[in-house]
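The chain that follows stands alone, in the form predicted alone, written as structure tokens.
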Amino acid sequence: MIQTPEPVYIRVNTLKCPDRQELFAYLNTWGFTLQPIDGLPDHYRVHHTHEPNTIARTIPHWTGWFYIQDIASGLVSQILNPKPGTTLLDLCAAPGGKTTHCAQLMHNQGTIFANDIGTRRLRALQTNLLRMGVTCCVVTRYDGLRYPDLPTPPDYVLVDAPCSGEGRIRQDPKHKKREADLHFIHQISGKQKGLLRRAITLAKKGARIVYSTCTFAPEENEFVIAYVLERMPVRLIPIHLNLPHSRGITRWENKTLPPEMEYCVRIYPHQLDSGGMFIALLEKTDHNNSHHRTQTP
């Protein structure tokens, strides 16, 4: 599976696309057909009959009728499922795929604080927000580890954390030839823990928080979640998907993790013919969980 190129997937942008049948008909004239994805109502797999056409060069893409987005990535915002009229903080937002998806789910109603630290990444984020017709977004530039308190604590927080990127192995051939950099994994794990701790601190009581990475290393995934469960007022919420997936792991290298790690989701490339993804859904509570085991709601 990892030796084959990753398929192209798009997300129809309901904020701008007036009629998806019109979009399908236009793309068909250029040799593209779209296959719907069960469980992801706005996502489609792209098939093309003419080479070397790329769907990114079409007018509907330039005008924001759709966003090219891997379906594993598309699951993240859907699991967070922000509601219209609420407040959301996207702590590591660029280039904007998940941010624009959240705006779409919120029907452009409410407020999204979309943050990133890099100037070049922020330019990509702002371009995509404009192209996709997002009007409910405030763009900020802070180190996520030191993000300031908001006037109103957010109802939702998304931490799509920087990671070692093992799940992008089909997109980046370099990953196929190199071994995991354990030094980098342990180093970035510290930053991931800091970002998630800050996200939890900023969130309101009862807020939903999604932590995601596009990597497989448990040190960047389940171990990060176990770390905050021991130290922060949060509990894990089980994720239920009607798509092929795996549960989070509870044991790694002779280390035992809390059994509720199975509430998390792992997506491997062979399951959806996609990239890889780890997703955890948390809820902020009013007590520390160091002596409390999370319960299924």
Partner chain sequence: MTIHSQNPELLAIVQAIYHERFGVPLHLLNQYYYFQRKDMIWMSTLPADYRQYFRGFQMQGIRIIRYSRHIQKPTTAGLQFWAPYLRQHVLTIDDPHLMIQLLQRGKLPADIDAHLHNTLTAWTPGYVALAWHPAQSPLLILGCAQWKPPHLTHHIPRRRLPELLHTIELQETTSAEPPANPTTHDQHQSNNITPTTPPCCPAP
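Numbering follows the first chain given and starts at 1. Everything quoted here is computed from the prediction, not taken from an experiment.
Unshown form predicted in complex with its partner chain; subsequent notes refer to it.
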{"query": "One stretch from 189-197, 77-85, 157-165, 129-137 that, in the predicted complex, holds residues within 4.5 Å of its partner chain by heavy atom", "finding": "129-137"}
{"query": "Heavy atom of Asn108 within 4.5 Å of its partner chain in the predicted complex", "finding": "yes"}
{"query": "Exercise: Arg231 in contact with its partner chain in the predicted complex, heavy atom 4.5 Å", "finding": "no"}
{"query": "Any non-hydrogen atom of Tyr142 within 4.5 angstroms of its partner chain in the predicted complex", "finding": "yes"}
{"query": "Partner contact for Thr29 in the predicted complex: its partner chain, 4.5 angstroms, heavy atom", "finding": "yes"}
{"query": "Residues of 143-164 having any heavy atom within 4.5 Å of its partner chain in the predicted complex, listed in sequence order", "finding": "Tyr147, Pro148, Asp149, Leu150, Pro151"}
